[in-house]
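In the form predicted on its own, a lone chain appears below as C-alpha cells.
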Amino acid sequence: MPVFKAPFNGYSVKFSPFYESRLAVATAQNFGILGNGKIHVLELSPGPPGVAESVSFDTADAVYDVAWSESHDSVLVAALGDGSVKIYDTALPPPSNPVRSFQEHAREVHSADYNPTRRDSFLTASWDDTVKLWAVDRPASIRTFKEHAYCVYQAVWNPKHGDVFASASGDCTVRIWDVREPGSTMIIPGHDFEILSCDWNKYDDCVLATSSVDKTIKVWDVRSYRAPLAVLNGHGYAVRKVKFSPHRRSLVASCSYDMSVCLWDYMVEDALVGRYDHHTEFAVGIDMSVLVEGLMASTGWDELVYVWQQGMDPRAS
C-alpha cells in the first residue's frame, strides 16, 4: 500500500472530491508547537512507490488542516497556526501561492471545511473559541459564531442542509448552527472531557458522531440527544478525529493518540470491526475517499501518510 514520508509531522489528510488519485496533506514542524509548515499534494499511481508528490507549498507556521474546494478542482483551503486562513491553487506554481490569505482569527486555526452542497463557502474553527464563515470571493469573513467557552477544534457542514453545521469544542459541547439564525440552535453536552472532533452521517442528516479526550466516540440523533445512539469504546487514549463513511451508513473511522486507526459499525453490538496499528506516533488525521469505496488515508506525528484499502494491511507493499 502507498506510503509517503513527509519532512514534518502530519496533521491532516484529505482526498480530492474530483480526482480519485489525488490527496492533500497538512504538516507542521516540531509537532506543531513551533516552526514552519508544509502542504503536500500527492498523486497515487498503480506502480511502485504508489504515491508521489505533485506539488508542495511551504508556510511560515504550522498547517493544522486542509480542505479541498467543492467547486474548483485545483483549489484548497489551509488552516494555519498563526491564525491565518490561506487559499492555494495547485494549478499555479508555488511562487504564485497562496492566492488569498485571511488574517482574522486571534489564535491557531484548527480546522477548515468546504460547503459540499452550496460549494461557495467554507468554515474555519479556531482556538480563539470561534467559528468563521467565509466565501472565496469575499475579502473578509461573512460571519463569526462565538458561543463556545473554549477552543473550537472542528466545524463541519451538514451533508444535506447547506445552512447547517456542527462545531466541536474543548468546552465539552457540540453546537448545531444554522447560518440563518442569530445563535446556535442546539447545544449537546456530549462528553465530560474535551470534544476534539465531530462528523455528520452521510446518509442520515440527523445523525452526528463526536470523539473526545475521554477515549470514546459517541453517535447522536440530534432529534433526541438526551442519550447517545451508541458509545464506541476501544481506543486507549484521546480520539483525535472521527469520520463517517461516504459509502456505508453505519461505518465510522477514527484515529487516536493511542496511535491506532479504528473502524466501527455503530449499529451492531461488537462495534469495532477493524483496527490498524501502522503508525508509530499519534495518529491525528484520517479520511475516506468519496470516489473509491473502501479507500482510506491516515497521517500522524511519525511524518508518514498511509493510503490503503479497508481490510488490507496499510504497511503491506
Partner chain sequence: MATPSHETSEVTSPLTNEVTAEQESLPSVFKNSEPIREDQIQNAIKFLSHSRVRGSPVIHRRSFLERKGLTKEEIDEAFRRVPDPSPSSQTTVTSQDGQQAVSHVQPQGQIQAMQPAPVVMIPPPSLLSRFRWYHAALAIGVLAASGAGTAVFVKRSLIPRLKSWVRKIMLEEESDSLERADGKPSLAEEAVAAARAASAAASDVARVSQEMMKTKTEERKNFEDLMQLLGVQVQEMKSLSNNIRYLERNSNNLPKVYSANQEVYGGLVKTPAERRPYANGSNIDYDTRSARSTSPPAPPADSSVAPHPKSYMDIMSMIQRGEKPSNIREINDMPPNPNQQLPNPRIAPKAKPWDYGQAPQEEGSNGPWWQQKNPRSGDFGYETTSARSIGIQNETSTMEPAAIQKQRSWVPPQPPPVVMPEAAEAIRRPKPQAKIDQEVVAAAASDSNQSGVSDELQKVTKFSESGGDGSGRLQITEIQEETEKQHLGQEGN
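Residue numbers count along the first chain shown, from 1. These figures come from a predicted structure and were not determined experimentally.
One more form of this protein exists, namely the form predicted together with the partner chain; it is left out here, but the text below deals with it.
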- Full three-residue contact with the partner chain in the predicted complex, heavy atom 4.5 Å, for Leu44, Leu80 and Cys172: yes
- Query: Hey, in the predicted complex, is Leu251 touching the partner chain, heavy atoms inside 4.5 Å?
  - Reply: yes
- Message: So in the predicted complex, is the partner chain close enough to Ser96 to count as touching (4.5 Å, heavy atoms)?
- Response: yes
- Message: My question is simply whether Pro159 lines the interface with the partner chain in the predicted complex - judged by any non-hydrogen atom within 4.5 Å.
- Response: yes
- Is Asn36 one of the residues lying within 4.5 Å of the partner chain in the predicted complex, judged by heavy atom distances? yes
- Message: Can you list, in sequence order, the residues from 219 to 241 that come within 4.5 Å of the partner chain in the predicted complex, counting heavy atoms only?
- Response: Val222, Arg223, Tyr225, Arg226, Gly236, Tyr237, Ala238, Arg240
